[in-house]
Structure formats: structure tokens, C-alpha cells
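The form predicted alone is given below as one chain in C-alpha cells.
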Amino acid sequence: MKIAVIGSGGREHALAWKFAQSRGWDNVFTLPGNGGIPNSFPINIMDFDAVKAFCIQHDISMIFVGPEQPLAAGMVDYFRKTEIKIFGPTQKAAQLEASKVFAKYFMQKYEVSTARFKTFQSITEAKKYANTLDGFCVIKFDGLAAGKGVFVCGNLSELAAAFDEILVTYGENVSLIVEQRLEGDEISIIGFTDGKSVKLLQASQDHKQLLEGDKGPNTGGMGAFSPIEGIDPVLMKKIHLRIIKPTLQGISEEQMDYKGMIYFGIMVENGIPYLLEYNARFGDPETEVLLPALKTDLVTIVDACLNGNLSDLELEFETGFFADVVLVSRGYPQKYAKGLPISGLENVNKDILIFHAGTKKINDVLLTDGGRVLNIVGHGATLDESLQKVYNQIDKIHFEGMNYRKDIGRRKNENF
């Protein structure tokens, strides 16, 4: 079997690497990939005809969709009409991520535990309501925003700054949510689904903010680790009953064709889980710690989802902890330079995994090509050991303006 992974980031590098463990790199293609992923091909993934032609040419029989954009655009619907198998939700089901308004009304309808909210179609109207909350709220842009469309505000000054950024980016007449601000600990619960059942990977925790101490703007993710100490069976039962079970009920009742990844972004406040958001695909950088921890063959899991018998499968995991620190370009998540030489990767210890996110190669020279550049992943018997392995190796890597958080995995989780 030959497999095509759709996407170009660290998530897709980790997916291709995982598939290659059982199928070999010669049978795994990444479209368009990046400078560090073997067998990458610069195909426009939003041109479904071109992707289909490539798959036919290379005898590819299965597609795994990594990013949200092609899912929201209907890539799965397109390939359902072909002989090529594809893993991911259809366009209708992908609305759970593509539209935060759709997702919130879905949660409300099926009594999924979530924060109170109101929806608005203009900044002016949203601002009037948010001001009555003294700015203590969360503002969410309705559509896809690469993890950067959420503004957590604590006062009127932060609220004004959030609306100013939304106005510049999206304009006055924009679909927004103003949501109750919860205070607690965030966890990522990600699983495979065949639309009837879910098999969960280990719980992980992402670090969204740019700076140490969870300060600064939201990013696509500065690092992650898994599993999370302190998450006990009691909390997981609450997550299942209050979030996962009603979500599956909704998927069934809405007759969604959902055979793919489902991501539950959860806030735990005083022991109670609340769903912040759905993603219709693997999280990034969570993928870079979850897939190395997964012992079960990924092709076997995907086949079980596509065949509708996922409930018969039990996932197996490696022991210990995995930690990922993301190296980013200076200026990220705003403007940043590209094309800067990267050096030192050959000096990194062999027990460290390196997943490329934003790199390219020109004349065999590796260069930066994105805001998030590299994921450095370590495995240890304890979380401290896995983190120490990563941080000990980062000093060997260099590109101009390289930044990273030095406190990944150091957050004090007090709400589990």
C-alpha cells in the first residue's frame, strides 16, 4: 500500500514518519511536504484534480489529510467518489472546526459541556456586549484562523486591543463569538473515530502562548507533552459523559460522515471539564508527541475507522513521557523572515526526534520557511527526563533569530 499525507508542517512530518515505520519511506508521499520530509512533492493540495492525478500516477491507494483547510473545502467529499481511500471528515462534519458558531450551536443542541456564549455579526455589536462584562471574556473569530483567532481578555484594555486586531484582520462585519471566560487547565484529548466510537490517544497539553509563563499572543503552538500526570479515571469518565458521548450522538443524529481524527480542546475548571473547541484533525504540536507514543500500527487504525469496526481495536502505547519544544522564527506569530540557513541538526543526539515544520531546501541547503520551523522531541521515563533531553540538544541547533519557550511542561496544573 502507498500512502499520501496531505500537508506541510510538523504534524505531517510526524504522520509520514509513523506510516513509514511499517510501510517504508518509499511508500509514503507527502504533499506538498517540506525541506525535511522525505518523498515530498510540491503539489497544490487545494487542487483536488492535481492531487488525484498524482495519486493515480504513483499508485497511491490511501490519503491521510493533515490540515484543516482541505477538509473544510471538501477534499474528503471529492475523493469519496473515487477509488482512492481517504481518511478525514467530510465538509459537513468538518464544520465542527471550520465554523466556531456552528460548533457552539452543535454543543448547545447536544448538551455538550461548554462555556456560555453569544454570537454577533459585527464588531460594534460584539463590543457593546463584551463591554458589559468589563472585558473579562473570550472573543472568537468564526472561521479558520490557524490557531490564532481566539482572544482571551481580562480587562477592557485587552478587549479593545483584541477588537482592534480583529478589525484590521477581518473587517467590521465579521461573525464572532463572545464567550464566558473559564479559568483552569487546558488539555488536548485527541482520538480516532469511525463516526460510531472513539479510540483516544493519551492526553496531551499544548502551550499556545508565545512567551514563558503563558504570556504574549496566541500561536499555532510552542510545544507539547504527553501524557499528563494528574488526569485520573474520574476526570476521564466526566470527559466521556459530558463531552465525548454527546458529541458522538450529535454526529450520528446529524448524519455526518465522520471517519477521521477528532480533537477535543478542553478546559478543566475545579474538576469540571468544558469543551473549548473541536478540531477535525490532529493537533499540532500534539501530534509530534502522540504518534511517537503510539505503538499500534497507524495503517491498522485508519483501516478500522474506514471499515467501521474501530470498536474492535485496542490501542497500545509506549511507556514514559514525550516532550516537544518548537523552534520558531523571530517575529512569529506576526511578520518573520524566511530563507535563513539552519545548521547543527547533524550534531543532535540520535535518540532525539526532529520533525520539520517550516523548512525548505535549496541546493541541498536547509533554510527556514515558516514561523514554526522545527519540533525537537525527546522521550524519557519521566517528564523531566524527556524535557532535559530536548533542552540539552537545542543549543546545537542554530538559525538567525531562533526563539523557543524554556518552560514547556512546567505549568502547574491545579484543576485536575
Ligand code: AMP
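Residues carry their position along the shown sequence, with the first being 1. All of these numbers come straight from a predicted model, not from anything done at the bench.
One more form of this protein exists, namely the form predicted together with the ligand; it is left out here, but the text below deals with it.
Partner contacts here mean any heavy atom within 4.5 Å of the ligand in the model of the complex, and among 297-305, 314-322, 134-142, 81-89 they occur only in 134-142.
Of the candidates 345, 152, 160, 101, 152 is the one whose heavy atoms come within 4.5 Å of the ligand in the model of the complex; the others do not. Between the ligand and the residues 254, 214, 277, 257, the one pair within 4.5 Å by heavy atoms in the model of the complex involves 277. When the ligand is considered in the model of the complex, residue 267 lines it closely, a heavy atom lying within 4.5 Å.
Shown alone here, residue 125 lies farther than 4.5 Å from the ligand in the model of the complex, counting heavy atoms only. Interface residue remark: residue 115 is counted as part of the site for the ligand in the model of the complex, having a heavy atom within 4.5 Å.
In the model of the complex, residue 77 stays away from the ligand, with no heavy atom inside 4.5 Å. Contacts to the ligand in the model of the complex (heavy atom within 4.5 Å) from stretch 154-193: 179, 180, 181, 182, 186.
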